[in-house]
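The chain below stands alone, shown as structure tokens; this is the form predicted on its own.
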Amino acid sequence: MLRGLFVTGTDTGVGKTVVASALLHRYRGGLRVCYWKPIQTGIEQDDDTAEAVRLGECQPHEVLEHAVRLPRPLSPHLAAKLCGTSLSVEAVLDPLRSDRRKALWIVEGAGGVLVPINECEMMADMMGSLGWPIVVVARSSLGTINHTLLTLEAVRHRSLWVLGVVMVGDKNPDNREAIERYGRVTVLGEMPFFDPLTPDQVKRWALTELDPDYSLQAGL
């Protein structure tokens, strides 16, 4: 039986790949962990899998490479359409379900919860098909309260389980308190902007500041 965490965000470019890499570092010591990015658009500009391998210091056996890779930094449904193809949740998930590794999978979504995959399916439908606990990555800056609460509401509306939120950016105690209070959720960590963004920086933060109360591990 597959088990894992689904990493989603309040927006594109919010820091999901860095947080996914931190999760790999955080749980590698006690569990076998593997990373997968099912859908990547704009592959000519960004390769989140390669970045997760770098920042998470992944070995080849910790990564599933078979996935959808599309040009143009667009929503998956539009990037696929411009390539003359279409996607479906179940077809996208086939490589994961065919994989025989017994591991805790860290699966990184594309964009946010309501990003369209095709004419009738969204990223939320992929999350629902897996049925795994969800980690939401959010900015710490102005606007994050609304964006984060909307994301939590969309996820819970589909009867999915949010294990916690990771905030990225300069610490903002007021925003953190509002997200925890109104969102009825735990902030698992506050990740700073790393400069330089190196594996050592991500690992050091993950091992000292990410999920210090083992909330995630207890929920798996």
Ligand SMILES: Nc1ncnc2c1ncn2[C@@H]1O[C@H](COP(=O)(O)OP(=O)(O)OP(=O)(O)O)[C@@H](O)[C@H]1O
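Computed from a predicted model, the values in this text were never measured in an experiment. One rule holds for the numbers: they count along the sequence shown, beginning at 1.
Below, we turn to the form predicted together with the ligand, even though it does not appear here.
Proximity of D48 to the ligand in the predicted bound form falls within the 4.5 Å heavy atom cutoff.
Within this chain, K37 lines the site of the ligand in the predicted bound form, having a heavy atom no more than 4.5 Å away. In the predicted bound form, L207 stays away from the ligand, with no heavy atom inside 4.5 Å.
Proximity of F193 to the ligand in the predicted bound form: non-hydrogen atoms within 4.5 Å are present. Residues with any non-hydrogen atom within 4.5 angstroms of the ligand in the predicted bound form fall in just one of 172 to 180, 149 to 157, 64 to 72, 185 to 193: 185 to 193. Interface residues of 6 to 22, taken as those with a heavy atom within 4.5 Å of the ligand in the predicted bound form (partner not displayed): D11, T12, G13, V14, G15, K16, T17, V18, in sequence order.
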